[in-house]
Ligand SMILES: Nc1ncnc2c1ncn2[C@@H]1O[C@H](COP(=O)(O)OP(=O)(O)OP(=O)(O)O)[C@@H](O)[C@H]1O
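Next comes just one chain, in structure tokens: the form predicted on its own.
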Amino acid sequence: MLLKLDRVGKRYPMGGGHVDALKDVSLEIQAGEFLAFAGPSGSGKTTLLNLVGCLDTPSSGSIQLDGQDLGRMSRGQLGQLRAARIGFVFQSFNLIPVLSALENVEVALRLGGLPADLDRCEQALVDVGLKEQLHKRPNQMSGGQQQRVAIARALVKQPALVIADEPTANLDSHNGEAVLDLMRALNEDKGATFLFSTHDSIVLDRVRRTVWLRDGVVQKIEP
């Protein structure tokens, strides 16, 4: 089992009171899953991604990643785990504008404390179909190509977990479908676990399991 969430809650202060973004979420996620957290805005799906991605800590309950209790780790330890074991794909791509595609991917290795291996970075870009774009900067590429660079950057350090927050939000339907099909193929080929936050049918049609959230509570899990 890659992830285990046991009665997880997340509470944020608001005015003189508080708001519960997540309430009593229990869930098990196996290695190699291709899974989406879905629901309307404010349902808690991004909060849940932030917790399993070591970007935030729960207010109650526990989260285990590869058997490690995230609640017992310091902020520094969480940062090291995040850099070494988790890849991120964002809706806004988050590429460094002054760097080439190859250099953007190399940054992920450096941040993960891994040797700067240009051959490995080049192969990651070849794997996502960007053999001809290695030395182009983000402003010289389409949105779909930039998202492919972001996927290569997430996968180059061979993470246990890839977190994708609304990865198709800034893509047209054609590019969105191409990017999701690519992610599905990489999931099957590389074995990395993909977790999505989405309300996009392009994503929901391609994942193998969907966790539906509303008002911070798991409503149902399909299939």
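Counting begins at 1, following the sequence as shown. Keep in mind that what you see is a predicted model, and the values were worked out from it rather than measured.
The form predicted in complex with this ligand is left out here; the points below concern that form.
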item: Stretch in contact, per heavy atom within 4.5 angstroms of this ligand in the predicted complex, of 177 to 185, 23 to 31, 36 to 44, 65 to 73; value: 36 to 44
item: 4.5 angstroms heavy atom contact with this ligand in the predicted complex for Gly17; value: no
item: Contact flag, Arg206 vs this ligand in the predicted complex, heavy atom cut 4.5 Å; value: no
item: Contact at Glu103, His135 and Gly191 by this ligand in the predicted complex, all three, heavy atom at most 4.5 Å; value: no
item: Partner contacts in the predicted complex for 191 to 223 (non-hydrogen atom within 4.5 angstroms of this ligand); value: His199
